[in-house]
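One chain comes next, on its own, written out as structure tokens in the form predicted on its own.
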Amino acid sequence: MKVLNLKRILFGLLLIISCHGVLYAQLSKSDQVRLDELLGKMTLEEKIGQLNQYTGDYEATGPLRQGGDKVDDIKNGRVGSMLNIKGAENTRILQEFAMQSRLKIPLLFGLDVVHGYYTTFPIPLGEAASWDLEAIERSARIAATEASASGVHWTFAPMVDIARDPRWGRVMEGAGEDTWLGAQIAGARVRGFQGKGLGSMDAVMACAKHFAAYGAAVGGRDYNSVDMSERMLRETYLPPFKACVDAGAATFMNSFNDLNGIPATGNVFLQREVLKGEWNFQGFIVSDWGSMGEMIAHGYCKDEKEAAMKSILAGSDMDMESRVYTRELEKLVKEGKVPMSLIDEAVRRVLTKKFEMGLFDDPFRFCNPEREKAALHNTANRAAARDIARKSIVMLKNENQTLPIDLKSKDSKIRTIALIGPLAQSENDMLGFWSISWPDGDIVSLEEGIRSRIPGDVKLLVAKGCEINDKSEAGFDEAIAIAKQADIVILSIGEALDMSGEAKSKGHIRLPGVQEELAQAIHGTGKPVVVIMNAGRPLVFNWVADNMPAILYTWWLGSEAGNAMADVVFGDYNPSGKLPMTFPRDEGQIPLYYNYFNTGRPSFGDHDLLYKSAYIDMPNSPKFPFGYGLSYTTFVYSNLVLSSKTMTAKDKIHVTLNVQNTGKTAGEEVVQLYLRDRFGSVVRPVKELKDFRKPMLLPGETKRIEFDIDAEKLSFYNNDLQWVAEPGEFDLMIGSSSSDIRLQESFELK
């Protein structure tokens, strides 16, 4: 292993020698000259300072490390970046300190702008449920516009970790379980954040995280180890990161986990071979919070000095809050243990981005309070947040056409609505984890959204019933009493905003507290009930799923949550969301995902399980499958046509089909294309998502949907880690979800 690591480090050094010109690709010739002149003037201490990032301590997102005067360090060129600073005035103050340094190198200001800045959008997993790439890109675009106006240069997003275990709290931050969908969303979010390119006044640097395989943490336990084959890594977990590189992501963040025994922060293979080598990534890599120093706890480094050495050798360019670079790098260079060329390469990468952002021409160009005020109070942004929020809602159940609630027709019998549940009046919980708090933030609760929609002759009764996470049933009687007075009940239950997110792993992902008991009590009144589930992850809620007639899964929808939910509940918007993660029946099924490998004894369905790969005490099937979601209308698929039943690696097969809206309501349908390689040199999944379309169809309208299948869609990594499309038979499946395949054909790759 030591020999292998040495080879990889030497490979990285050769790469550095050859890539200096590449790093300049986005700079003008004059800026290239300026950068070289600046680098030539810098002392070793000043160079190391550019690789050091401090938090502003206002809203720390990790354990704080004490020591040193940050202002003094900034004035003396010992800091390259600050995080957790927001606001045009606050960033200007610190930038002015940087302008007092000897070389006047500006600071970069970073912040976790994960799903909105001032205007909060649905959590990323919720946005992924929209299957609307344009909406997702628009969300990131608006967030960048607001954040850049507040002096923020850099967002620590998107998180593109593939996640198959909902016990891991950070599933809320990504796009779910599917590699292909995750890669499409990753590219859309990078393009949204960076807009027309770095240097634009409304662009922020994107940061693809966490590199790599963090979403596969053992047991769904945050920060835990990951162990997998390189083929699984390349085929399942790396493609969304490659999509970020292809979209021009300015930065990457490495991950807390070790991968096959090597912490990602000190992983030469990930950072130098794959990212900076194979993919020719031109930006810089920042560590996750304290992850350099944490390699000591991993048992990979004996002390901070070794942690600093292994981090820089592996390709980690900037140290977020470990402070091992500022304490140890100078000694390591003077002792000959770290080549000066590595320091220069890392500094060059950081300075290049500062030049690209235009900070050397005007360090204060993003610090304009008037622009900030105009950007943060934008009614168009709120309208976009409402639209994206309702696109993210997934209807899981709708028996007897309980939804939408009819308040408009002459035949409507709804005169009294009971709104019950611990989240019915909540505002902050609607924002979800990784949101940015504002003292003047306007958050629309579900109650507010409903009240704004119901006519004056309809009465709304409200009761909490219980708290989110305690055992008291003291509020049950009031809730039951108002339910009995109502014509229909809306029950709002789920998680608080701090129950899913970083460091929020759970062994049990059931409804917290006595919410299920509240649901049972309300169901006992005999009234029709619409359940609204607010959560940051897939939950297990079998009793509710089996007994309640209508269920909307609304995630955490952000600033316009209440209005978006009301739009769907009252039928002004037809839900079109589809699940980006499989919902299990029980934690014992986890990890559970649709694109699994068959075994030599596959179980087909939930019966005939003797001597098959199955449980004896529960079905194999999920409660709700990947890609699932209902509509207020119905869609019929027909007339599947392939341009050919055979193709070569140089050909394409053109696929067409008809989709008809057979209901009375206009609606969007996510038409999903799955492929299966029947036989391969290594086993292949039972199906893999390879494309989708989302047409809008008027009542009775039919549209012709088109796809192309090429060799890229048929390729995979073989046992020699070659990206190949092997000749053979393939199944083509078109459906409304991964388990609802409507049309199927086969073809052959010659």
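Since we're looking at a predicted model, the values are computed, not measured. From 1 onward, residues are counted along the sequence shown.
This next part talks about the form predicted together with a small molecule, which is not shown.
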query: Does the small molecule come within 4.5 Å of any heavy atom of R537 in the predicted complex?
result: no
task: Please check if F624 has a heavy atom lying within 4.5 Å of any heavy atom of the small molecule in the predicted complex.
output: no
- prompt: Even though the small molecule is not shown here, does F284 get within 4.5 Å of it in the predicted complex, heavy atoms only?
  reply: no
query: Is D317 one of the residues lying within 4.5 Å of the small molecule in the predicted complex, judged by heavy atom distances?
result: no
- prompt: Here the chain is shown alone; which of H153, K276, R390, K209 has a heavy atom within 4.5 Å of the small molecule in the predicted complex?
  reply: K209
field: Candidate from Y637, F476, Y594, F256 lying within 4.5 Å of the small molecule in the predicted complex - any heavy atom
entry: F256
message: If contact means a heavy atom within 4.5 Å, which one of 248-256, 567-575, 492-500, 605-613 is the stretch that engages the small molecule in the predicted complex?
response: 248-256
- prompt: Are all three residues D112, D288 and W434 in contact with the small molecule in the predicted complex, where contact means a non-hydrogen atom within 4.5 Å?
  reply: yes
